[in-house]
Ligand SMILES: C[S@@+](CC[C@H](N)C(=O)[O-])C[C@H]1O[C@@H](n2cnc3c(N)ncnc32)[C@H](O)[C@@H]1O
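This document opens with one chain alone, in structure tokens, the form predicted alone.
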């Protein structure tokens, strides 16, 4: 039976996710074992449809999706009782039983209902009451480690119920045990790499992160280059749902493992912190990547290209509360006093880093992901591309600078 699915992702990555889903659907193994069709992009994600193995394939292969949600039902509503009746009418027992645990989460866009917590309570009641009526028992609630997660998404007029097939968010690949102070989620890092042109078949260029932190960009880039599926080292919620097609799931995993490649990697990172470099090397090993990660302890203002051939320089400079506030563009931001010491330090760093880019990285593409929307002005460089993205709720930009001798000063 054909099912409808929704794959949420970080805001700004919807077109990239749609392209990635089409690539996954075009894989010979997926086309044979778990075919699916990609539909429209909407703010926050992409719709697709297929039989249940399609969810297995997307969970296994998508680097950009945050989850894979199975659409259970949808209808209009006027108050919480309408949502309760919609939930109670569904046959949740086809996926899980009364001896298992559940968690309900609510998302909303312009819903007129006052309390989302009360909506969550009514959805839980609908699930439990419907199962008790049919089977004589009801599932318990476990907010920490549930067997099944149920999502209700409310718009101004409609409620859509989803069953989560992922479990832990998909950015949790299973390899990152070491984190920096402000780690970039893996699926956002993978989306940034994709926007920078680091996609399968185009990973021969060198890639360098001069502020690599715990190595998220580097590990994600290596797995793309080697064809290692992002979900190959973890488990998923659908594996414990009733009716799982174990044959298809086993075959998809075997084909994914067989599709991994061996190739030389021209990937390197540096950081001013030796502790962060140790974290990056540990994460590289946990991710099962070959050899040792090429790293160097150096201040980003004084870096040199680690490879003779120009390539991609990708950086996510740390930004504090002052820049985070600037990135959110709140109406009151003009009323926030500028910290003159912080501004001077930021401008001084940007000037030094810009000089390094111009003098040492001619021919490279420099991509900077930041919540500081004034970064080109600080660098005194003219960007060739800017992509709006969000890191959580912080408005950010991905800037591209094509480096030539002397820079691209605006």
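Since this is a predicted model, take the numbers as computed values, not measurements. Positions refer to the first chain, counted from 1.
Although it is not shown, the form predicted in complex with this ligand is what the next lines describe.
Asks: Please identify the residue among 293, 196, 131, 276 with any heavy atom within 4.5 Å of this ligand in the predicted complex.
Replies: After the contact test, the surviving option is 276.
Asks: Here the chain is shown alone; which of 300, 120, 74, 241 has a heavy atom within 4.5 Å of this ligand in the predicted complex?
Replies: So the residue touching this ligand in the predicted complex, by this definition, is 300.
Asks: Sort through 267 to 275, 140 to 148, 95 to 103, 155 to 163 and report the only stretch with a non-hydrogen atom within 4.5 Å of this ligand in the predicted complex.
Replies: Every other range fails; the passing one is 267 to 275.
Asks: Any of the heavy atoms of residue 87 lying within 4.5 Å of this ligand in the predicted complex?
Replies: Close contact is absent here: in the predicted complex, residue 87 is far from this ligand, nothing within 4.5 Å, heavy atoms only.
Asks: Any chance residue 230 has a heavy atom within 4.5 Å of this ligand in the predicted complex?
Replies: No.
Asks: Whether residue 211 contacts this ligand in the predicted complex should be assessed with a 4.5 Å heavy atom distance threshold; does it?
Replies: Taking the distances in the predicted complex, the answer for residue 211 is yes, it comes within 4.5 Å of this ligand.
Asks: Just to confirm, residue 187 within 4.5 Å of this ligand in the predicted complex by heavy atoms?
Replies: Flag for residue 187 set to no.
Asks: If you apply a 4.5 angstroms heavy atom cut-off, which residues in 44 to 67 are near this ligand in the predicted complex?
Replies: Counting only heavy atoms within 4.5 Å of this ligand in the predicted complex, no residue of 44 to 67 makes contact.
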